[in-house]
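As a starting point, one isolated chain is supplied in structure tokens, in the form predicted alone.
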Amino acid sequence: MASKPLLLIHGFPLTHNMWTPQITYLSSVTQVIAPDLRGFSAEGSPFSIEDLADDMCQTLDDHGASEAIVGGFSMGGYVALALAERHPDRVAGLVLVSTHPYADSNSIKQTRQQMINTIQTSGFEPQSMLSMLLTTETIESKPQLKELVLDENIPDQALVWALEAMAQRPDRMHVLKDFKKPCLIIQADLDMVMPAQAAEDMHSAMPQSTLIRVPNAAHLVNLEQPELVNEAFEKFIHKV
């Protein structure tokens, strides 16, 4: 087994279950730590992205890990970058999946506020985001994946806190420019949530990084193309 564990940070509006194919496969390669973010599976309290990064340090402490390879998906990528900024000694390498380092634009902040208003008024309907996360082909041909994506047990309040935290986070491109350790960037070619240019920008900021473009996948690339993503993770783990 690899000496460095792998910390996997899930995205919005998901739980650690979104990493099921990676947990199953990579657990034979190294120790895999895949927690639920604060409030997503148990009672929580308001948080910022920075708070979640600090929580991840505590998670590493709880598992006796001084450092880890940190993989973050979408919102989890925001947390991973905050972790690299606030606690660089805990990060042996970064895997950034379907994410970017930028702060929210005003239009995206408005969209998040609209989602908050909807959740507070009528609750959150996970089905409403399915078409943004997976391709139509996958939704129709692999209905079992819905169980990993559509978690109706996440408290609405945690989703509100997450939306607020994402809207308030700063730009962290400087973190990538200062990051000198190995980094893997995974971008899906059909991702409508994260622009392809963001992956190019991150790759350009880190000459030591590796950029992998995955075909025939939308935002949840790790579920749509698990074999390709698992292979990329495994190679990176051995590299670090």
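Keep in mind that what you see is a predicted model, and the values were worked out from it rather than measured. One rule holds for the numbers: they count along the sequence shown, beginning at 1.
Omitted here: the form predicted in complex with a small molecule. The next part is about that form.
In short, of 70 to 78, 116 to 124, 137 to 145, 85 to 93 it is 70 to 78 that has heavy atoms within 4.5 Å of the small molecule in the predicted bound form. Taking non-hydrogen atoms only, Val29 never approaches the small molecule to within 4.5 angstroms in the predicted bound form. In the predicted bound form, Leu52 stays away from the small molecule, with no heavy atom inside 4.5 Å.
Among residues of the shown chain, Met194 is one whose heavy atoms approach the small molecule to within 4.5 Å in the predicted bound form. Within this chain, Val149 is remote from the site of the small molecule in the predicted bound form, having no heavy atom within 4.5 Å.
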